[in-house]
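Take a look at this one chain, the form predicted on its own, written out in structure tokens.
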């Protein structure tokens, strides 16, 4: 190791070091960067310009969304660059106001696409981009590399998934595969270069459990959005066109004002979906960053997965739906899917492996930091569901997220 744990603690306590966060405008990256800033650290975020906004403006817009005051913003630097560019570091960091070299790197930049047709793009970011960041870490004198991965590097294994390296296995999609490969790449480079390494493995992250606010509306949100989309189509058909198309699919308004949509959703007798709110995810990340000084692998998960039946009940209650129910696979053998079920099932296809998850995730490594601070992942109840989905609707599922 390049420095001892005591020296690392002293540097952090003095708040004189610089922490680089890649993926600084992403969901996890932005929240982690803000948490580091609010803890008093000097943070540089690596950000690309978009077609509509330069990097500085993208960060400023996010800072407004987070409500950062001017005092905190003075500790924030923006480095414009792309991890796909092997020479990103020198160009991006030149001229930033940060004091001296980069001491620690939090690597959040990632491509989360599942589709096999996007394999080349996913591999380019999750392996090639990571390699470029690791190359910079080795050259820059970085002493600690924090790699944000996913609990689903476990792939298709069943039972208990331990906080250990996944050297091989079968995976559900290219995202899982490349994140598992990325962990091994980071491990090997950091061992060779004497850089401490923490790997953080969150499960499915959704919005803030206390406020419902979020910057991303995929994963948990997508199946709910699809159901609401179908609801709105057939409500409009009933109100404006006498409901002819709706009636063909067995959709009708009930006397209590609920819309009846006959949709069966496959759900196993066991398992569920492992959901972690962004506020808990960031709290655990910061706890491990502070206490996990020797490096390690850490799951950030919920010990109480949410049953699909409960999610369906929450959605029916909030969006005034009826007729949606869960059933076992055998029900579709006895009675094949109707047209509406076939349509909705297409929306669920990519997420199905995570909706009936029988895996459990070890938290032995993370537990001491959580217990020390009394951190317990909230149960995903109706109140949290309503806060999150109401915010999604208010913002047009992200379309009206920013003024």
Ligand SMILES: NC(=O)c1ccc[n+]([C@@H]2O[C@H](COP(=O)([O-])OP(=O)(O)OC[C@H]3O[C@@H](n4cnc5c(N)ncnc54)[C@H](OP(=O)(O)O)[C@@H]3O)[C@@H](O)[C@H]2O)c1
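In this text the structure is predicted, and so the values were computed from the model without any measurement. Numbering follows the first chain given and starts at 1.
Not pictured, yet referred to below: the form predicted together with the ligand.
- Of the candidate stretches 289 to 297, 232 to 240, 183 to 191, 141 to 149, only 141 to 149 contains residues with a heavy atom within 4.5 Å of the ligand in the predicted complex.
- Only one of 158, 247, 112, 211 lies close to the ligand in the predicted complex, with a heavy atom inside 4.5 Å, and it is 112.
- The closest heavy atom approach of residue 26 to the ligand in the predicted complex falls within 4.5 Å.
- For residue 216, a non-hydrogen atom is located within 4.5 Å of the ligand in the predicted complex, even though that partner is not displayed.
- Using a 4.5 Å cutoff between non-hydrogen atoms, residue 81 counts as a contact of the ligand in the predicted complex.
- When the ligand is considered in the predicted complex, residue 285 lies well away from it, no heavy atom lying within 4.5 Å.
- Looking at 194 to 226, the residues that come within 4.5 Å of the ligand in the predicted complex, counting any heavy atom, are 202, 203, 204, 205, 216.
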